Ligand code: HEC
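Quick setup: one chain, the form predicted alone, written in structure tokens, and binding and motion questions come after.
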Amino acid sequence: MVSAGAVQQQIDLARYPEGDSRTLNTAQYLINRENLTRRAVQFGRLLFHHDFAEDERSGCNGLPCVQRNERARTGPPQSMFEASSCATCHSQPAGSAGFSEARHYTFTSGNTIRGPDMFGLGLIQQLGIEATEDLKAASRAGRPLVTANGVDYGSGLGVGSGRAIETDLVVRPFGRKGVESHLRAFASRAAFNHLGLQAQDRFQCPAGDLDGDGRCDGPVKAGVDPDGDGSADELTQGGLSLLEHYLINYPAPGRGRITEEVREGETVFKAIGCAECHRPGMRIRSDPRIEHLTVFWNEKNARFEAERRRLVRAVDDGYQDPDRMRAVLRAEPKREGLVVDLYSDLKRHDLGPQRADRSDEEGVNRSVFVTRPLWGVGSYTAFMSDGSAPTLEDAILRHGGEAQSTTKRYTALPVAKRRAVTAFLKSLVLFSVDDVLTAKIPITAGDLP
């Protein structure tokens, strides 16, 4: 097996060519061809974990590279470089694209930000895309702004700048303030803000990106060096496509042991109103992934086990490998429907002064945040988007504003029922993807390897 470092040395994944589904050795060829699309996921994973601190090909934002190296490894507040790789911050559980430890928090507008995990991002993106479709259809028909999953964007803060949703009715699930609708756009933003890498799709778009999906509307202008550090094309369209493909197909969070206390806690969670914003059972009409992977607790075997299902079909589009003169089938997601226990409504809410940041951010009031998914919260070691809550109960008690009545109902519960609620939340877990890849967590359900 080739190591991540060796592959990165042989192939400059950050500068991988974009190409198309019929051009060998390009990102789109890997993503779209059967038996290669999983390799594209692996390449995206290598890029996610690659350490750019000593990689002079990535450029230095106008600084001497020795300074870039030093800053990237320490990540002081308000520095130009807060990390040397995506995995610097998204590091827990080990071997996964998870949440950030306290020492890897980032800083924006004077606000402290605890990096969220990357689990299930393809599902979150699709929920946002489909909710946007629902809202725009409702607006055209003069109906209330309610999605197929029952989320009412006309209630609460309503429609307007920095409110529940912007006037364009685009649902933006990414960023704690709800600022990006697509993973690609959010990844290129993070690459610049935290790694100092200028993605072509963010900085080299002569025609712009009017639809906000993170991809240039027209061709990129190659060879551009936005920061004048002598390094052009620091993250190409192809490199960004591999990273995007990896994140879209990242595993969904798992579920821990489900005891009677956990079942009672889930019932109470819904009864007191938590599920009005932290919604389970959000349905996706068209799953964009090529594979589903998650873990569950097997009570009989007293261990975590994994479920894996292939979600791709092979289509003959007439393409033949020019070297071997044989058909290479196109890989297409099956695009099936799926119910997701996300525990979020992907909508902005005002959580009141106890939850407020130090300052406004992204044009959004300091007490307004998009509802964070809870489906992996049981694995976290600090809570709320700034990591300031040391326990789950403390996080619940800090919900004010639109959530004030629910918080009051929680505080009125007997101690045993409050404990049941937190037991339920602790059963919503992340897992080490490395443990699945190395069979420490065996795959026992779905399409077996």
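Everything numeric in this text was worked out from a predicted model, so none of it was measured. Numbers follow the displayed sequence, beginning with 1.
From this point on, the text means the form predicted in complex with heme C (HEC), which you will not see here.
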Just give me the single entry in L127, V151, I290, L183 that has a non-hydrogen atom within 4.5 angstroms of heme C (HEC) in the predicted bound form. L183
Residue among R163, R372, R330, R255 with a heavy atom within 4.5 Å of heme C (HEC) in the predicted bound form: R372
Using a 4.5 Å heavy atom cut-off, which stretch among 139-147, 298-306, 276-284, 224-232 contacts heme C (HEC) in the predicted bound form? 276-284
Indicate whether Y250 is a 4.5 Å heavy atom neighbour of heme C (HEC) in the predicted bound form. no
State yes or no: in the predicted bound form, is some non-hydrogen atom of I113 no more than 4.5 angstroms from a non-hydrogen atom of heme C (HEC)? yes
So, A187 and heme C (HEC): in the predicted bound form, are they within 4.5 Å at any heavy atom pair? yes
4.5 angstroms heavy atom contact with heme C (HEC) in the predicted bound form for P173: yes
Residues within 4.5 Å of heme C (HEC) in the predicted bound form, restricted to 389-409 and counted by heavy atom: L392, A395, I396, H399, E402, A403, T406
